[in-house]
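We begin with a single chain expressed as structure tokens, specifically the form predicted on its own.
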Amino acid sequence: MLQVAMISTGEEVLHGDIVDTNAAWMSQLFYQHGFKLSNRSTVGDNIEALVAEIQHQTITASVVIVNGGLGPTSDDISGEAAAKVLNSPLVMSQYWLDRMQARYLELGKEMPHSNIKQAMLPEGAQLIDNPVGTACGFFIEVNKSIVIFTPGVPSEFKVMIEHQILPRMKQWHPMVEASECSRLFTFGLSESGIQDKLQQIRLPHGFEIGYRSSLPFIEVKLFGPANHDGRFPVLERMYHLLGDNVVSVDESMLPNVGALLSEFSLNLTVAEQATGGWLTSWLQEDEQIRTNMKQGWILSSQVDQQMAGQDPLAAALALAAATRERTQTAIGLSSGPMLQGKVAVALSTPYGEWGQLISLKRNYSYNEMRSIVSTLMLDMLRRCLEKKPMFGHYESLNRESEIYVPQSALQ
């Protein structure tokens, strides 16, 4: 099996000052084209450590991607490390120097002297063009491996990978078959619970199931060869076993709900107490929902003494209904205040109203609570639009009580 490794460089990446988005993006792209990463590592701005890591990865990997460290400053050491690995000098690439100078001339600026460093490449290295930046890439051969050096700036890195490096890798390894990852996004199930449900599935050769937990969702992934006849039957079986806890397929929950609102030409207004605007802010991330969302109300989470004795479920229903009626929207969503560890959420539509009083099964931070309750509210809307049972099973929540008010009772 072809082994592909990636080395990310820089103290800021090593110590978590910045998130290594390049690695995640490239890993996904490479997988789709059949080049699954076998190893990822991170090295700080230490030339001896980088040299040692490159030499280590070339023992087993056919291709090694080194990301970052090609800039003009003293902490950009990838070029020098490559020269040490080859035991060869750095030499001037007149071609790249001319390219950089021409680029600065087009901008009406004088090229800083420090940029000359970016034209110094290990002797024998093959240059890789960078049409959007001053750091060219290059590749060398070490221990029968090809080591490719790329800039760390994401916009430059992505262009180089897509247009320069991936085509070369396909030429070097023409027998590699493309792969595909299908995704089921779930809410309300645990990772162990999902695994128990899916144990009975027999996967075709070359397929595997993976999981990614990101509160409040668990993403279930089906990895395998692209265009394989067995993919759809397996996905269909997985969807059936996970039931209505599957909130979306191959996209996150938000665009799925946005597409449903647009399909049915429905608008909505949200009123939040316990969730403190979390849902309103989240909904703004999707263009279709922004188009169909009329208002978002953020109300005080403090409980008025005159209302303290009210049934919280009835109060949440009344808030959802008032929200819908006052703004003349098709849908009203509401969350009441948190009372003794319990919160009521409600959905009001012209076809009926639904509400549930829930408590969390364990202690969450304030923001985690807002995220989970907001997702529950959005899941009620999704279930309504998809005509699924409104009161689902959620392993992280206790449903204390629920209520359904049919259309006839609203008239």
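Each residue number is its position in the shown sequence, starting from 1. Every value quoted in this text rests on a predicted model; they were computed, and no experiment measured them. Between two forms, the rigid core is the largest collection of C-alphas that superpose within 1.5 Å.
One more form of this protein exists, namely the form predicted together with a further copy of the same chain; it is left out here, but the text below deals with it.
If you check a further copy of the same chain in the predicted bound form, you find no heavy atom from any of Tyr364, Asp379 and Met390 within 4.5 Å. Put simply, of Arg290, Arg202, Lys144, His205 only one has a heavy atom within 4.5 Å of a further copy of the same chain in the predicted bound form, and it is Arg290.
Heavy atoms within 4.5 Å of a further copy of the same chain in the predicted bound form are found in exactly one of 339-347, 36-44, 61-69, 353-361, that being 36-44. Taking the partner from elsewhere, Leu14 is found to have a heavy atom lying within 4.5 Å of a further copy of the same chain in the predicted bound form.
Although the partner is absent here, Gly276 lies within 4.5 Å of a further copy of the same chain in the predicted bound form, judged by heavy atoms. Contact check for Thr280: a heavy atom falls within 4.5 Å of a further copy of the same chain in the predicted bound form. For the chain shown alone, Gly243 is not a contact residue for a further copy of the same chain in the predicted bound form, no non-hydrogen atom being within 4.5 angstroms.
Put the two forms on the same core and the Cα of Phe391 is off by less than 2 Å between the shown form and the other one.
When two forms of a protein are overlaid on their rigid core, residues whose CA moves 2 Å or more are considered shifted, and Glu53 is one of them between the shown form and the other one.
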